[in-house]
Structures are given as C-alpha cells and as structure tokens.
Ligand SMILES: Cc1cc2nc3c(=O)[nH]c(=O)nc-3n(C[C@H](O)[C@H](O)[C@H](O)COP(=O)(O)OP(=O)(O)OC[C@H]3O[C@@H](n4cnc5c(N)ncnc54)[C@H](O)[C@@H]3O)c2cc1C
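The chain below stands alone and is given as structure tokens, in the form predicted alone.
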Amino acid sequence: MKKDFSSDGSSGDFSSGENISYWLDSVRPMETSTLEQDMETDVLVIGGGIAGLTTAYLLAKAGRIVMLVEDGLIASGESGRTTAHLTCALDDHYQQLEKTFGAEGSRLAAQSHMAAIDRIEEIVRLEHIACNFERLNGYLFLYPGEKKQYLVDELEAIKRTGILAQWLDEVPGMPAATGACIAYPRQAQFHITRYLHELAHVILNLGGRIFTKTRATDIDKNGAKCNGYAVHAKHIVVATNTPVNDLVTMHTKQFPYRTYVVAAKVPKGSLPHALWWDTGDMDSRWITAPYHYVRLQSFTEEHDLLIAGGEDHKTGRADEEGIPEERRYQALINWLKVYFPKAGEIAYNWSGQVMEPIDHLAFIGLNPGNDNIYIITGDSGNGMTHGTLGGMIVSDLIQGIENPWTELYSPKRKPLKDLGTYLSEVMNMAAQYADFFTEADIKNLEELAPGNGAIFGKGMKRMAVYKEENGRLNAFSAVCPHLGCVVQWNADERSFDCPCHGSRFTKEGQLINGPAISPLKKIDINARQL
C-alpha cells in the first residue's frame, strides 16, 4: 500500500518510506509538541524508535530527568518498518558468533537477547500496554540446497549457549517445507507501534519530555542544537538507527542493507501462530546470507496477515543482482506461496533498512572518543531485541550500574577475526565513488517519465532528478552530503539512497535517514538549460 505524504509537506515525518507498513497504517500517528526554546536536561535521547524510547523509559523510571527528540513522529523511522519478531535466534547464527566471539561471547549474546524479550514482556505487564504481545515457538529450517549438517552444527552451538532448543524432523505449520528444523520455545512477537506509542505515553506520565518534528544537529559533549535551539545535557544518547554524531569511525564498522516485506491475507486460524526463518543463501554476493522470515498477525474477523520478509541487498545496489528494488516484492511473493500455499491477497508491502555490523552484533555504549555521548546502532536484522538491549545497557552505564554485556557490545571493539570480510566490504564501499566515472542513468532529461527519478549526468557531473506528474523537475546534487558518495534512485520507495553509508533522501531532496545531517543541495535547472 502506498500513501504519499509529500502533498502536505510532511514527507519523511510519518515514515522513512512511501510504502506504508501495517504497523503504521493500523494506528493513529503519535505527534507531540515541537521544541521551540532552549532547554536543559540530565539526559538527551535522540531518536523515537525502540532504542531511544526504551532508554528514555528506563531512565525516567529510575527518576532521571529525560528529554527525547525525534525528527519525525514516534516510530516513523525503521522501528515502524520492522516485522516485529522478538527472538534469541539471531540471524547470523550461533556457530558464526562462536567463531567470532568465542563460546563465552556466544553465550552472553544468547543470554542478552533472551533478557531483552523478558524485559519487553515485563514492561508490557507492568505498564498495561495493549500491543498483542504473545509468546510462541520459532522454527529455523534449511534454505534450499543447504546441507542438513549445517542445522546439526547450529543446534550444537545453540546448546552451548544455554538456550533451550530441540530438533524436529519436520517444520510445524509448513507442510511444503521438506526436512528438519530447530525449534526455539518461548520466542515472542508484538505490535510495534502500539508498544512504542504507549511507552511514549508512560514516559510523559513519568515526567519525561518528548518533542517530535525536532531534528538534532551539532551534537557534542554539551548537548545539541534541536530545531536550532540549544539543549544542554549531561548525557547524550544517539539512537538514530545509524549515528548522526559521528562522521567516519562507526560507518566503517557497519553497512546498510535494504530488506522487503509483504503481508498476505490468510483465513483466520488456518496457520499456527509461530515464527519461521530459513538459514539463508550462503552463496549470496553480500556479506550477509539473506534469509526469509515469517510470522502471523491478527487482522480482521475473517483473516490474519501472514507477514514475510527477505530478498535483502546492499542499499543502492539492487541492480547488481539484476532485480531492482520494485521487483523484490514479487520474488518474495513467489517464495511465500511455495511454502505457504494458503497465502492470498497481498494487503501491504514495504521495505526497511538495517545496519549490518561486520561482526554481527550491535554497537551499544560510549561513542569512541567521548565520555558522555552514547550510541545504539547495528541492529543486524534483530532490531527489536538489539534496540531493547541498547536501552538496558546505556541506562545502566548512565546510572553507573554494572552490566554483564557492556564489553560484548562496546562500540570500541575491532572486528579483527572478520578482517577479510571487513576489507572486502570497505573496498565495495569505496568502489561506489567510481560512479562519478560510470555511465549515469540518463543523459537527456526528456528520457525521464513523470513520477520517476534518476541520476542524470554529463561528464563527471551528477544530478539527482525527479520529474513530478505535471512535468516539473526537482533537481539536486547527487553527491551525498555525508562523505560525498553518489546517491542512487530507489524506484520502490521513491527516494535517493546512498550506497556507501545508508543516508536516504526524499524525491524532494529532504533528509530521511542519516548519517547525513543535511538535505541534498538543490539545483535550479530546466530542460532548455541542459
């Protein structure tokens, strides 16, 4: 489903994409007042997704003076575009985590994600949050062509972490899936926007302050400028999916990927409520093994929604696999109907962006080089639990409480054991600067159809151009204001996306996602001048 919010000037405020998720479509948007004066606070939290709101909630609950700012509305970023799985079955798998962090690190990772699920359940119960929280089983099954031994090895690695998991000879609820699976008991799911909206109300009731449509810039040890007003704070928490306070350091440790979701109607009660994941494509060109993930959500009296995600690719580079962004949904639908033949009409489709850390786990804690600025980033496809962990760890650090997972998630860690993959990904990122020398999408503006965008170029000059339905041209420099990479047109979400570090811009050139902190530079052109 598509909703165009550009007509009222709020493009990017409601959501970070033009395809609207079920979570955003099924609740009223939550907007608070906009900051209009200088302020002072104990803790300034930047970002109104699950990481920022969890941090603000835990600190407000502990009696700290907290202020949260969000440049859109509550859950308007990537938290509102999730599939809302709550699981300790991490997408990079425990046999890989054990190789990278050792047996003890793998155990701590499992323990922390189980604790995150428990904390969400505790908050739901304590604060009486109506968000369809539900405990259920999860099932990991083999990607086609993957050997059974992979599951055997994964189960052994899981058992060494202390997670309760078991081998099943078939996949419950998936008669079309052949072969065995690993069953994870007591996983969970919820309605993310209902959870975050009610959590925001709890924060306000605890005396916290929340300002929406309030962008933070000039972040330093003293606070930040928020809509141009000075906010002084003793502690600053940057929970913006990818850090907007840091120019380079953290952006060489993680990389942006896009992931796709379809929600199909199925007869109510025709499938068990469960979570399903395949092991992923180990032969993918990307550093990740893109996998499929599925869950159910209550929808109407007659239907549930079968929500399936996958078909991931590096941001801005979908065409390298010959499948542009807008065709990823059909690939996902084709997969879904093989494994779940009862999947019917597609009610929703949307995409999201995840940050993939080079060594699989989020970066949570003090920003390198700072002693009062904290970051929460690197969701790695497990954004709900990583975001909750971010709030748990950072709130403990601010209060001086010892936390057993601080070192594991430290942003200062170096990915030494994944050095080969790290160098490969950095080289791929650097190669995007060659777009100045490669052929542009179009060489003549007349080639551009109304309602479409492209990268227009002559020589080394590159412009991001969008043609409105009435034929009017919007043109901008195609150079990302973060570190100068050439942006790419995303025909699915109708945005200009940076393939280097994941900054994204609307078709009007306005900033949607960092790490850039400013819009694309506008250029006045018309067809006769070029």
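Since we're looking at a predicted model, the values are computed, not measured. Sequential numbering from 1, following the sequence displayed.
What comes next is about the form predicted in complex with this ligand, which does not appear here.
Annotated contact segment (heavy atom within 4.5 Å of this ligand in the predicted bound form): 351-359, selected among 157-165, 390-398, 351-359, 128-136. Using a 4.5 angstroms threshold between heavy atoms, I364 stays clear of this ligand in the predicted bound form. In the predicted bound form, at least one heavy atom of A239 sits within 4.5 Å of a heavy atom of this ligand. Within 4.5 Å of some heavy atom of this ligand in the predicted bound form lies at least one heavy atom of I50. Contact annotation for T385: at least one heavy atom lies within 4.5 Å of this ligand in the predicted bound form. T214 is the sole member of S112, T193, T315, T214 with a non-hydrogen atom lying within 4.5 angstroms of this ligand in the predicted bound form. Proximity to this ligand in the predicted bound form, defined as a heavy atom within 4.5 Å, holds among Q187, S106, S76, Q254 only for S76. Residues of 63-92 that come within 4.5 Å of this ligand in the predicted bound form, judged by any heavy atom, are V69, E70, D71, G72, S76, G77, E78, S79, R81, T82, T83, A84, H85 in sequence order.
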